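The chain below stands alone and is given in structure tokens; this is the form predicted alone.
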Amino acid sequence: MSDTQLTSARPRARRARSPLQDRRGYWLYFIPGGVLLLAVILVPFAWGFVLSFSRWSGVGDIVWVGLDNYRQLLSDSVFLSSFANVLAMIVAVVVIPTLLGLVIAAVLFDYLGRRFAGNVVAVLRATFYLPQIIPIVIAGIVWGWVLQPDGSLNTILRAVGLGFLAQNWLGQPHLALGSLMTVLVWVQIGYPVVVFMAALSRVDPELYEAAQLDGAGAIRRFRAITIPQIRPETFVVVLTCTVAALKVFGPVYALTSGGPGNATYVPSYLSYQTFFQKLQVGYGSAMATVLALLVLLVSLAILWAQRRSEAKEER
């Protein structure tokens, strides 16, 4: 090779870039999301965690009290009862919608989908999902009208001769939590239905056809094919719904405000009330910090269970 050819080859060699260098430009697209994550989530959480070691009303000087707020939480009966109500929220937002959503999705996909046109199933699926689209506060206000003593539910009961069943559904401690759970089931049911129907659409139809030829009924096909095939989506639904259950706020705010008494308090609403209404910023921050740590631990536990399940399948 001549000197002229070597000289012309060197600039080309310097201009050649590795695939790793070419990918560096992609990181620029993460900057807007990273800034929002830092400004909206990480910095407020860090500041709230710092304030949880203080006593402050939002104005004036901050008084640092160490772990006093966390010690007070251990003896706060309202806070402890709010965590007991979290179990009811998990039942209403996770357990019942996931089980019902799985059954409804299987019926829509495996039964109605084979007997009616696709538009019928699409309309039914959209109907179940409609409560997810309605803003939760608006849905809470509407349900408040339905469940009040002179609301439509009691009116219908009286009209059909069942007036003895009419109750103050949101005004009695032994009924308020159950009424709130019913509303949450109604709101949440559409999400697992849509996710599970999308999951069923990726299952090989030949599995169902082969099982049907072997004489397997709908229930057996559901147990032997549907449940194992959509296990990844089931973990997704359980994870997202559990996080939603732990931080339920809107329905409590719109329907009961934690009452009557302390019957429907949940940690997120109690933290909001302590922080903004009682102006106990440090104590409210301690509640929010405990709730955030609980959400993190539960999420990690579900992810660990998912990975363990996937590892067993690969063996």
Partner chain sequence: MTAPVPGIPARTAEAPRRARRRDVGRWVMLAIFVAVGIVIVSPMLLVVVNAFKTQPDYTTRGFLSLPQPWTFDQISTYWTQSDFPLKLANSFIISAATSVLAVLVSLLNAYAIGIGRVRGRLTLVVLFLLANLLPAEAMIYPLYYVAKQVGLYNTQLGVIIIFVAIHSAFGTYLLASVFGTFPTALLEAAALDGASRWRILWRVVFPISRPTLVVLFTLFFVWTWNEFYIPLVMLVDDSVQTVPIALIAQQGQHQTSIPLLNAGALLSLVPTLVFFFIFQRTLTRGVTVGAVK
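Here, rigid core means the biggest group of C-alpha atoms that superpose within 1.5 Å across both forms. Residue numbers count along the first chain shown, from 1. All figures in this text were calculated on a predicted structure; none of them were measured in a lab.
Another form exists, predicted in complex with its partner chain; not displayed. Remarks below refer to it.
Contact with its partner chain in the model of the complex, defined as any heavy atom within 4.5 Å, is confined among 69-77, 143-151, 170-178, 84-92 to 143-151.
Remark: residue 261 does not count among the residues lining its partner chain in the model of the complex, judged by a heavy atom distance of 4.5 Å or less. Taking non-hydrogen atoms only, residue 271 approaches its partner chain to within 4.5 angstroms in the model of the complex. Contact annotation: residue 300 falls within 4.5 Å of its partner chain in the model of the complex, judged by heavy atom distances. Among heavy atoms of residue 254, some come within 4.5 Å of its partner chain in the model of the complex. Out of the listed residues 99, 138, 162, 227, 138 is the one that sits within 4.5 Å of its partner chain in the model of the complex by at least one heavy atom.
Contacts between 155-171 and its partner chain, taken as any heavy atom within 4.5 Å in the model of the complex, involve 155, 156.
After superposition on the rigid core, the Cα of residue 30 moves by 2 Å or more between the shown form and the other one.
Core-aligned CA deviation for residue 279 between the shown form and the other one: less than 2 Å.
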